[in-house]
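In the block that follows, a single chain appears as structure tokens, in the form predicted alone.
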Amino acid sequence: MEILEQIAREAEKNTQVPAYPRSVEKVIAAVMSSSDFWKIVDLSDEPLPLVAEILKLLNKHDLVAFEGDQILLTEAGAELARKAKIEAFASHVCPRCKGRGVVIDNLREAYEKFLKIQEERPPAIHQFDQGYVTPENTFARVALADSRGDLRGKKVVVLGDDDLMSIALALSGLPAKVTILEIDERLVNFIKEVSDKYNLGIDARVHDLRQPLPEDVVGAYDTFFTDPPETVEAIKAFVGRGVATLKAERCAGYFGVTRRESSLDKWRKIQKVLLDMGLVITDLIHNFNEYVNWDYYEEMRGWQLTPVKKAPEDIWYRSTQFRVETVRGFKGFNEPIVGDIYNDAESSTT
């Protein structure tokens, strides 16, 4: 429909984020499903800056109304939805595994220990763009990697450890070695204390991943985990660092990419970067990762863009779990990182 085309064109012009009539349809469908801005972002699966702009344009055309902290479809908006055959979202996600395809039953004893340990963790801070997944989610990653044969007797490296993956991996008793490289000294000290207390043997080091990896880490591991910022350059740099740690062909890496800060156009570029590194994408699990709401939400760019001001209450920031595997000719990235690679038009949490 012409109005959907018009709003998409204007939204892309105003945000520099790729937009399509389908983007507008998804935002309308999300408004039909929830009046909460953060849930609308969650459901629409479009970058937050684009969702905010589309909502403002829909409001300008009297298709949605902002009432207090609620976002509501107007009569004209409901009529547009009827004509365009737009309907509210339906969920068919498995309530047992939450769509992840794995459960943590066989890791329950380690998980219970982890639950108590993580209660004392340092809080996420804006300085390092930190955010961490739920404890259950952390162990779901362990379960996924174990089910793919990437942990037992393997050497595993974690590049940046907001999620305390190193502790979860070590508690599982599956890897032969666990190393972390993390810029935040608070986290490294916490992980060292836990490692000493529970005799976990974690090799925890303070390291700024903008700098090349330590020599003894390059080409020394079977599996890596990382959670990179979401510019194309950052994916290349941080996933590239992970690839540089791997020993050989048929080693694996795990990381997440959102739709909250990455459009499908960006996803296409990211996937090309991965293929050019000599990686094969073996798994993509939608909304596998669920992030606990962080305290510094009012400092992030996304808060400035919201058309209504209401603190997020439920989980809204989710990412797709990638598993990649190396094949012949793979090549990592271990050069110094110069300049700002953390922000682009689609960023919202920085």
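Residue numbers here begin at 1 and follow the sequence given. The structure presented is a predicted model; accordingly, all values stated were derived computationally and were not measured.
If you look for the form predicted in complex with another copy of the chain, you will not find it shown, but the lines that follow are about it.
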Practice problem: Flag Gln271 as yes or no: does it have a non-hydrogen atom within 4.5 angstroms of any non-hydrogen atom of another copy of the chain in the predicted bound form? | Solution: yes
Self-check item: Asp146: touches another copy of the chain in the predicted bound form, heavy atom cutoff 4.5 angstroms
Solution: yes
Quiz item: Contact between His286 and another copy of the chain in the predicted bound form at 4.5 Å, heavy atoms?
Solution: yes
Quiz item: Is Arg250 close enough to touch another copy of the chain in the predicted bound form, meaning at least one heavy atom pair within 4.5 Å?
Solution: yes
Quiz prompt | Partner-proximal stretch of 147-155, 207-215, 163-171, 237-245 relative to another copy of the chain in the predicted bound form, 4.5 angstroms, heavy atom | solution = 147-155
Quiz prompt | Arg186, Val232 and Ile315 each touching another copy of the chain in the predicted bound form (heavy atom, 4.5 Å) | solution = no
Quiz item: Heavy atom within 4.5 Å of another copy of the chain in the predicted bound form: which of Leu72, Leu115, Ala76, Val280?
Solution: Val280
Exercise. Scan 207-245 and note down the residues that get a heavy atom within 4.5 Å of another copy of the chain in the predicted bound form; none is a fine answer too.
Key: Asp222
